[in-house]
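Only one chain comes next, encoded as structure tokens, the form predicted on its own.
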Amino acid sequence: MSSTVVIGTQWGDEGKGKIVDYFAKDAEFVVRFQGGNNAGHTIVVDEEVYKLHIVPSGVIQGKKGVIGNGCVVDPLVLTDEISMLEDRGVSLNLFISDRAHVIMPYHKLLDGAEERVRGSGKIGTTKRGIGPCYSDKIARRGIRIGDLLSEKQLRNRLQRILPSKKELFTVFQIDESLNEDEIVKEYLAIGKKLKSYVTDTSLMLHQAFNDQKRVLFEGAQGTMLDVDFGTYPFTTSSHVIAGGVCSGAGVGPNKIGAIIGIVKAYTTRVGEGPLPTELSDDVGHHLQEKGHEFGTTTSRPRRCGWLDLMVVKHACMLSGVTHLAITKLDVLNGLDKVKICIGYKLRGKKLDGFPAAIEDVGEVEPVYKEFKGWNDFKRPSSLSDLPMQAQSYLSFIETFLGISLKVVSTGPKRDETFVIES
């Protein structure tokens, strides 16, 4: 099989961008299959730092980047990102599905208004219009990338959509106008800029598989933000798990090969919602500061805690993870002891799986296994270069999950990564 899927096993921010960049060297296509510019991937090449939000990470290496039909696209953000990459000398080889849905101005305004109305019950949205855009997609009143190439199609869509949006603006007391002619003019102009990138990407990927090309599927966010299996309602609005590849890229399940689950060596979360292993003490501060735990997209500080293997086990089960990639192991350097959550108790009862109800997630009591800490290591090139305590930490994760460890990352740079051969 010529495809690999990279997914996050926690709440996102696991370092997928770096791992995708690492595996992209052996791929011809790198495909985003869900999410929008609420995601952020940071890639460090030599001393150059690239922060990407919707363009697939593999384009930095000159690979064919595909934005699949399962994504939602803010064309303003996309054109800015394209310009940024071209200005920095990246030769862009980009393809955008004509079926991907478009984040419109009213989506962003409604996103912020809905979050404001939620008050203390806010879900921590990035207010970039992702949720309202997916809502319109499911309600069959969306605008797709292909519509930006035809004035007739775009006007037809807007004439159906705008009356109800204006009513919602009144309800949410949004003091903004929605002018059909202005929107048509602006978005047709953007459509002209993007036209050369727009195609039937599912057909293109089908041909790529027929030609035995190597394809890498790049997930955004993490499993615990999946709209079905995450900590609902504190989730994103799409399917983050490996199964989302099929519907989000238009490929059959028989096209999926290896599934790499990215596991940060500790746990982080941005925004609202429970985090069972959260640390609000000096250790939590150490993880946040040493791990530079601030959102790529939002710059919001990430909440930090010990590694939660109940979360990772849940994620690996859902996506059929075949190999693990551990990231940010170096952030644990210098701690006297480290812990791993190996189980949950809820009102005195041991749980076998991850609870569905958000109220239960907020009440679980983590069960920990403690390990001796370790001191700094200098750019290891193999597992044996790590301190024995760090080796024991990784070995336990591998044994607990029953999944082989494939990659270990010990820093943000490309050469701070090593592969464990089977």
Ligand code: GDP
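For clarity, every value in this text was computed on a predicted model and none was experimentally measured. Throughout, we count residues from 1 along the sequence that is shown.
Separately, the form predicted in complex with the ligand exists; it is not shown, and the next lines address it.
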Per-stretch contact check against the ligand in the model of the complex, the hit in 322 to 330, 241 to 249, 202 to 210, 344 to 352 (non-hydrogen atom, 4.5 angstroms): 322 to 330
Partner-contacting position among 44, 358, 367, 383 - heavy atom within 4.5 Å of the ligand in the model of the complex: 44
In the model of the complex, the one of 302, 313, 101, 108 near the ligand [non-hydrogen atom within 4.5 angstroms]: 302
Residue 14, heavy atom within 4.5 angstroms of the ligand in the model of the complex: yes
Residues of 389 to 420 having any heavy atom within 4.5 Å of the ligand in the model of the complex, listed in sequence order: 409, 410, 411, 412
